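The chain below stands alone and is given as C-alpha cells, in the form predicted alone.
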C-alpha cells in the first residue's frame, strides 16, 4: 500500500484528480466501458456567458454532478452535456454597464460593432465559466459543449420559428406589451415584477360624470368611459356619449358597460385608455363596435407624443404634475386622495413598466399548453417536489400568448423580412425563412425586403435546448439520449424555462423532452435572507473552494437541502465539511498504517463479529441506494457523514485497535479485510458527493487501475 501524506492538501489534489478524470476520457459516454449500456442524460441549465459563477450555480452543478456520477457508477451510459447561454437582454445590460464605465455607449456605435464586442466578451467569459465548472468537479463531456449561438442551435431555432409560422402558431400582431423605456425593449408577462406603490388617485370631471384615475397624463388617449352594467347610478348613461374636456380639446366619448368594472372603486366610472393600460386594452377588445381604436400618447422614450398637444416631449412624471395643475386651474379636478396600488416594474432596472401598443411576434400558447398539461398530468413527465406540479398546472391553465420579440442588439435575429412594395399601414407582408436571406418577397416576388431588427426572447431559443443541443432530428445523440433523463433546475424558472421546454419539445419532436423535473430551491444565508452582492451576504463559490476545497462546498450545499426548500449556507458550515474531509484523510492514513501486512489477494475468513458488522453495513448501503433512487440526496449525504465519522471512525475503528494490535492473526486478518472492504465501499457511495477526496483515497487503497468514478456501485 502507498504511503499517505500527513495532511490533505486540496489545492494540490483537486486539479490533479480532475486531470486524471479528463485523461481517462470517461466524461464522454462513448468512451465508457462496454458494460455501460442504458443511456442517461442531463443537459446543464446553461449559465449566462456574461459573468462568473455564483453560489446558485454551485448548487445546480453539485446536484447534477451527483446525479451523473451515480448513474455512471450504476453502469449507465451517462452524458452530462455542458453549455452556456448568450443570455440576450441580460448580457446586453451587463455589457452596457461596462461601456458606461469606459465612457462609451452602445448608441454611439454600429450594431455590428456592438455585436462583435459582446461576442468577444462572452467568449472570454465562457472560458472562465468552463474552468470554474471544472473546479467544482463537474464531470461534463466537454467535447460536446454547446453555446446558444452555435450554428446548430440557431438553425434549429430558425427552423422552429419558420414551421410554427407556417402552422399559424406564430403570428405578427399589434398588441399591448410590457415595455421598459430605459432599456427600450418589450418583455413577456414573466419578466416583470410587481410592487406596491403609494400614489395619488385623481377624481376628474368627465362631462356629467366623474372618473377616478392614477394616470391623468394619459387622458389624451382616452376613448370611452366604462361602468359596471349593474351600477344603477349610470343606468341612463350606458350606450350614450358624453362630451369630455381634455384640456387640449373636447371629445365625445361613449359610455359602455363592462362587468370587469368594480363599482366600489373610486366613483365606479373608469376612463378607458386602451393604448396604455392592459385592462383597458382588454375592454376595448370586447367593445370594438362601441369604442374607437387605441390612441397612443406616449412614445418609446417614455415621453408624451404630439397627440398630447402642448405636453408633447414631457416625461411621464413631469407631464402628470403639469396636467394635474392645468386640470385644477380649469376646474376639472374634483379632488385627489392617497392611494396604494400595485405597479409593474422592469425586473432589471426596477423602473415602472409602460404598457405600449407595438407590433410584435407572438406564439399562440393554448395549442402548445394542452399537450404539455397532459404530459405532466399523466406523469409522463414527473415533477418533484409535488407542490411545484400544482404550481405548473395552475399557470399553464391560465397562460397567455407569448411575446417573443425583443428590441435588443445582442441575440438571435428573427428571420423575418418585410416587403416594402406590398406592405401598407393596414397590412404587413413578411417572408419567413430558416435563417437565410430571401431573394424575393414570398407574395409579390419583389426584392425590396427589410429584415426585422428584433431578436428572439432568449427563452424562445433556450426553450429548444434539449432537442437543439442533441442534434434534432437525425443526430446520433438525439436518437440515443432523447428524451433526456432528468431536468434539474431552480423552481424560480419553472415557467421561464421548464414549461417552455415541455411545450416546444412536445411540438417539435412529438416526444417529452425529459422524464423527471427536479426543482431545487434558492440558496440563502444563515438568516434565511436571499443572497446578493448588494446585501453583502453573497458567498463566492470559487473563493471558498480555494479556501476549503470543492468537496467541502458541495457537502455544505447538499446536507439539509431537502428538495424544493431554500437551502441555507454559511462559511462555518463549509468549514465543518472541510474538517470532515480531513477526517476521511486521517482514517485512511490510519488504515494504511495498519494494512502494511495485508494482502487483498489472500483469502480471509470473517469472524462472526465481523460478519455482523458487514451485514449491518450492507443494510446501510441499501438505505443509501434507496435515497439515491428517490433523489433524496440530502438524506444520503447526511447518513454518509454520520456513518463515516461516528459509526466507522469513532466506533468500528476504535474497537478495532485492540484486534489490530493483538496477537490473534486470524482475527487481525478478518478485521483488516472488513475495514478495507467497508471503507472502500463507503468512499464509493460518498464519491458522487465528494468526488475529489474519495478518488484520491481510492487511488491509495485499491489496486484497481480504473478510477473510482466508474467503479460499480457496491449494491444492486
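The structure presented is a predicted model; accordingly, all values stated were derived computationally and were not measured. Positions refer to the first chain, counted from 1.
Just so it is clear, the following notes concern the form predicted together with the RNA, a form of the same protein that is not shown.
Although the partner is absent here, residue 268 sits close enough that one of its heavy atoms falls within 4.5 Å of the RNA in the predicted bound form. Although the partner is absent from this view, residue 342 contacts the RNA in the predicted bound form, with a non-hydrogen atom inside 4.5 angstroms. In the predicted bound form, residue 31 stays away from the RNA, with no heavy atom inside 4.5 Å. The closest non-hydrogen atom of residue 638 lies within 4.5 Å of the RNA in the predicted bound form. Exactly one of the stretches 466-474, 324-332, 276-284, 376-384 approaches the RNA in the predicted bound form with heavy atoms within 4.5 Å, and it is 276-284. Screening 590, 311, 95, 89 for any heavy atom within 4.5 Å of the RNA in the predicted bound form leaves a single hit, 590. A heavy atom within 4.5 Å of the RNA in the predicted bound form is found for one listed residue only; from 582, 113, 443, 184, this is 582. Residues of 559-581 lying near the RNA in the predicted bound form, listed in sequence order, are 560, 562, 565, 566, 568, 572, 577, 578, 579, the criterion being any heavy atom within 4.5 Å.
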